[in-house]
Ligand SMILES: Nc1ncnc2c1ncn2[C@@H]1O[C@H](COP(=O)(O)OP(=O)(O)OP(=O)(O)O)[C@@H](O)[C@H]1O
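A single chain comes next, written as structure tokens; it is the form predicted on its own.
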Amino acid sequence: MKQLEGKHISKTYEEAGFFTTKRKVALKPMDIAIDNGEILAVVGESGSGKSTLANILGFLYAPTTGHIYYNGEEIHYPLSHQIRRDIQMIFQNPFTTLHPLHTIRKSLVEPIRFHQVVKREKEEDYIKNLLERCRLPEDILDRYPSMLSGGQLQRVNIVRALSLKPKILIADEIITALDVPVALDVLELLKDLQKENHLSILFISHDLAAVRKIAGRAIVMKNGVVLEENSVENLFICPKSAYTKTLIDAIPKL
């Protein structure tokens, strides 16, 4: 079943100059669908349009053209309370996504309280349970973001997203700022959480090695255009485009 679907979506930005307004096409019209419970990867270099796509499907940007459907129903602005809760994003830089003057406890409690996920007297136990599942110690709750490593911060961001009991996670280049061992651990964590919660995940990355480890299906993008879409296994066995083959050849080999 198609859980989240974009039909003919595109994005054009307008940049005002001295005498004229320039138009920059970041995403050309495309269709995309995420099936219930799957991990779909979107792959491409910087500037390929993959993050623009993530921001449109995460409802941070409105598309210039096209329509978005959730469980078969078209989504309109302003977004409903339920949509904002059901679709959560995790961003690339873990050092800029949490308020630097708030403790981790405060950063986690606020969205839970806003969306009334659990009763107030159960918030602490609820958060501690999520920390345990994401392999984080309880004592980080009284720390500030500057006191945590990049890997710990990214796990906190995953906890914050999961705390709202979402149906879909959009992960935009979430391992780029992490060391390789930490990145691998985060990928394993995402896979485990996806199975436990039957989550759908849109995994945005320029790293085909990471995509091969986590996703079942992939879309390859370049310059705002979809070049090909295939199962990850077939993508590696028989890439359809020369660009995909270049990305595969660029993967470091031992």
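Position 1 is the first residue in the sequence shown; the rest follow in order. Quick caveat: nothing in here was measured; it's all calculated off a predicted structure.
There is also a form predicted together with the ligand; it is not shown, and the following applies to it.
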query: Per-stretch contact check against the ligand in the model of the complex, the hit in 42-50, 225-233, 191-199, 207-215 (non-hydrogen atom, 4.5 angstroms); finding: 42-50
query: Three-residue site Phe91, Lys128 and Glu138 fully in contact with the ligand in the model of the complex at 4.5 Å by heavy atom; finding: no
query: The ligand contact in the model of the complex: Ala26, any heavy atom under 4.5 Å; finding: yes
query: Contact flag, Glu173 vs the ligand in the model of the complex, heavy atom cut 4.5 Å; finding: yes
